[in-house]
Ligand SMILES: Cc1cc2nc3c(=O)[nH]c(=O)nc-3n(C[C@H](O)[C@H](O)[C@H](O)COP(=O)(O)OP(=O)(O)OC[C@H]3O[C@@H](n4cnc5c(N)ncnc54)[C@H](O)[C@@H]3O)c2cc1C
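The chain below stands alone and is given as structure tokens, in the form predicted alone.
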């Protein structure tokens, strides 16, 4: 048993926890049967405290990283939940297959991706990881080993995907794979002059094109100026991705500078450089390697370190298309009123159906990164009100300062999730700081 101090990625929560790292299925069972309260842990790269709780046990699953079965003909793979997404891709891409719903950092584990119902840049085309999951094997202290699928233990299957690890330890996942025939990505840019202009320039694509924006936020005059990036797989027959570049040994997101280095000057300067660099590329097609597109923050850990010990606030909200113009107007009004320091502002389209506490719906996904200070917190209070008044969906897994009242109003199935979870595990064995916040 090891005791360590750990933090959420946004630095808003820290805890002293006990860690056990089983290597065998028998060990996992013995550990789970011995302790009363626990939560599984992957890479612990979540913005929120989803895999730890003060003085509680976290079961570190990183030794469970084997490929169990691969069926190239039927395009399925069964792997252990502790495998890093970079390790999984290293194998599947050699066979011209992959899962496209990939979060932006290579050390995130498959179990974490399932537990958060993650999505990637192709969310408008592929939806969330839920679309790829065929079967899940979990271990639960009370219920033992359980096979979950749409045909077996369906309610627990649905509770587990996007269930923050609260139904037990995810041990194995069977995935449906998609073709990836090509080498890199063809990228083109559309220059936009405002947030509304950005929305109007998102195309309806019936093919596999990933669209997302980068928008300036350094001052009100430049607000929303930016680019829509369109990435399309560069289909080259008999070619494959160079997977050596995907290797990622350690999580480099843990350390940070002592003081915050993001301020009005550094934000304005960095966004000025980024904007003018890409201004030269507008109306051109250029090629970018797989890692840069799929894992945009790998190698850019300095971005997170610059927030210092106080960390950042990240927020994602889903806005239905029919409400997007109104919501953009309300957001801009509050940005001008509060003047928060925003280091990242981005928009992409997303599709899906929100159920339980899954961050999933049809519409536009808007992402903000803020410096943690009073101005940002004031703006976020206003954004919470906008979400509540318009039934927008804020991401629970991104924003650790979300209040339970906001979540209850915005997630219609909160009470149903809580009821079904308690029926399955009335002792509430699997707990985290996040589940305490959510009163689950």
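Quick caveat: nothing in here was measured; it's all calculated off a predicted structure. Positions refer to the first chain, counted from 1.
The form predicted in complex with the named molecule is left out here; the points below concern that form.
Student: Please determine, with the chain shown alone, which of 383-391, 370-378, 410-418, 396-404 has non-hydrogen atoms within 4.5 Å of the named molecule in the predicted complex.
Tutor: The contacting stretch here is 396-404.
Student: Heavy atoms within 4.5 Å of the named molecule in the predicted complex: does residue 45 have any?
Tutor: Residue 45 belongs to the contact set for the named molecule.
Student: Even though the partner isn't displayed, in the predicted complex is residue 105 close enough to the named molecule, meaning a heavy atom within 4.5 Å?
Tutor: Contact with the named molecule, yes.
Student: Find out whether any non-hydrogen atom of residue 297 is located within 4.5 angstroms of the named molecule in the predicted complex, and reply yes or no.
Tutor: Residue 297: yes, in contact with the named molecule in the predicted complex.
Student: My question is simply whether residue 17 lines the interface with the named molecule in the predicted complex - judged by any non-hydrogen atom within 4.5 Å.
Tutor: No - in the predicted complex, heavy atoms of residue 17 and the named molecule never come within 4.5 Å of each other.
Student: Just to confirm, with a 4.5 Å cut-off on non-hydrogen atoms, which of 159, 88, 319, 118 contacts the named molecule in the predicted complex?
Tutor: None of the others qualify; the residue that does is 118.
Student: Would you mind picking the one in 262, 356, 304, 229 that has a heavy atom within 4.5 Å of the named molecule in the predicted complex?
Tutor: The residue in contact is 304.
Student: Where, within 135-167, is there a heavy atom within 4.5 Å of the named molecule in the predicted complex? Residue list please.
Tutor: Residues within 4.5 Å: 164, 165.
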